[in-house]
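Just one chain is shown here, as structure tokens, and it is the form predicted alone.
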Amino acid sequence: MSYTPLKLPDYHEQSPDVADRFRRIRERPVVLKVSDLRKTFGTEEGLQVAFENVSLDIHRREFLCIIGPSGCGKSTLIRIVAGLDHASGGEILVDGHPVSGPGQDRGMVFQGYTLFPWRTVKENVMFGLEMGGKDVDHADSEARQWLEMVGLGKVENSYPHELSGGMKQRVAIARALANEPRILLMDEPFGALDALTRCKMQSYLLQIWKKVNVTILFITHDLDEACYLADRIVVMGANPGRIVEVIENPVPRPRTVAQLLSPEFLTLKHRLDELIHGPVDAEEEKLPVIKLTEAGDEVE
């Protein structure tokens, strides 16, 4: 899969640090290789193509976001990578080995809260470790370490219903990372959170990613989130789902809130919006004029 540097405004050249970062990413081994992936569904109307000809190479320690309109197959794609669904064609390799089902080399964090309500925070993180064959004492010790890393050591004995939405997702991230996967798969994990909590969780995730040897594949519909988090951004189109463009993120790391108004950030967001929504025709966007009441005045 080719890399597409984003063309910045003439008055602002790409930072040498950004160019060097992508050079170093390209030199790393490919952890996840997706080749000519295709997914179809049988319906009453016939065969429906969810997506086709999807090919990606994702390098070790890379943070890659996938965005696109509803129906482009983003969530279906990540479920196939996780081994929770099967492709109709093509191949997925993790470290050169074919994916045929779920495995400890991939951790998954969903949008919904998937913690076990009858288990404490620590016991939720211990679950995967115990299923992997580790004894209770070992699982207990490792779970504590992961909870400390995500800043939740003080609530290890609490139950999920006692936590906020952001805290629940941090527990889910700790649980997914506890088995030390090669790839962390995240399907709109912050989509159900309020705006302030979402911003905090994005910052937490970047801090965690710096400390853990993991590659992240992140699905989102939020352009700001993709611009803030990703090294590269994959833009998918719909009907059928396909990759439209893969863009190198020109926003330098480490990322800060102040960069939301930088030329790099605004140019990238504008390009993503252009790719997903296309040019807007003002006439087509107008709704029919139907007045249901007389208010006595008019609004603009």
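These numbers were taken from a predicted model, which means no experiment stands behind them. In case it trips you up, residue 1 is the first one in the sequence shown, and so on.
The discussion below concerns the form predicted together with a small molecule, not included here.
Mapping the unseen interface onto this chain, residue 138 falls outside it, with no heavy atom inside 4.5 Å of the small molecule in the predicted bound form. The shortest heavy atom separation between residue 71 and the small molecule in the predicted bound form is within 4.5 Å. At a distance threshold of 4.5 angstroms between non-hydrogen atoms, residue 221 is in contact with the small molecule in the predicted bound form.
Proximity of residue 225 to the small molecule in the predicted bound form: non-hydrogen atoms within 4.5 Å are absent; the residue sits far from the partner.
Figure note: of the listed segments 29-37, 62-70, 259-267, 242-250, the one touching the small molecule in the predicted bound form, with heavy atoms no more than 4.5 Å away, is 62-70.
For the options 203, 145, 75, 88, the residue carrying a heavy atom within 4.5 angstroms of the small molecule in the predicted bound form is 75.
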